[in-house]
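Before any questions on how it binds or moves, here is one chain, the form predicted alone, in structure tokens.
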Amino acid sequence: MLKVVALVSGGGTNLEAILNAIASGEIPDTQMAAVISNNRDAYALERARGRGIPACCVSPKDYPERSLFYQDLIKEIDGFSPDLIVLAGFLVVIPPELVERYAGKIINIHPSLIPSFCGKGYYGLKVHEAALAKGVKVTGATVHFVDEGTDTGPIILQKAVAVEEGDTPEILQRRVMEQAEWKILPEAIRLIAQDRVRLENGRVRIL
């Protein structure tokens, strides 16, 4: 049984896609052990509680130093002994200690085709604003392992999405979520649950 802890900051639509896939059996032998947010008002916490999943907030605003926040965040995660940590819209920089502690066991969803429109400052609507400003015809989403950099870890899955005439950042964001994010994040977790993902020399091989 793959034990998953999800880290979220907002509404939790990606979390909902994961929970639906677990409930339907699309993701086999997997349990959502807990949902943790840096934002106590995140609706994602309500989504989790509505399904009887432990949900809590660890907010940097409650700590005088970021290092103390990181200590408690790691302690909270450790308490659930996860096999996999999923960043499902988590807008907090992950501390190196967490990356090292769970090396090869943290994945993230990013709303672009990495290496385009990624890295520091590219999150949420900013990604889609940048894509439209550049005039690209195709965008998409990427699931990747988390390393010490920002959106630099080995890529597991990507899915392309067309940019259409008249798109606004909000419309494009919704299409990328519906056509890419909500599909490839559950799919990546399914592959990991089935032990079909291998990290070899900094690259991902899917069996």
Ligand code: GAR
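On a predicted model such as this, the values are computed, not experimentally measured, just so you know. Each residue number is its position in the shown sequence, starting from 1.
Here the subject shifts to the form predicted in complex with this ligand, a form of this protein not shown in this document.
Though this ligand is absent from this view, in the predicted complex it lies within 4.5 Å of a heavy atom of just one residue from A88, I106, L113, L73, which is A88. Looking at this ligand in the predicted complex, residues T30, D83 and F145 place no heavy atom within 4.5 Å of it.
Interface residue remark: M177 is counted as part of the site for this ligand in the predicted complex, having a heavy atom within 4.5 Å. Using a 4.5 angstroms limit between non-hydrogen atoms, P186 is distant from this ligand in the predicted complex. Though the partner is left out of this view, G25 does not reach within 4.5 Å of this ligand in the predicted complex, counting heavy atoms only. Using a 4.5 Å cutoff between non-hydrogen atoms, G124 counts as a contact of this ligand in the predicted complex.
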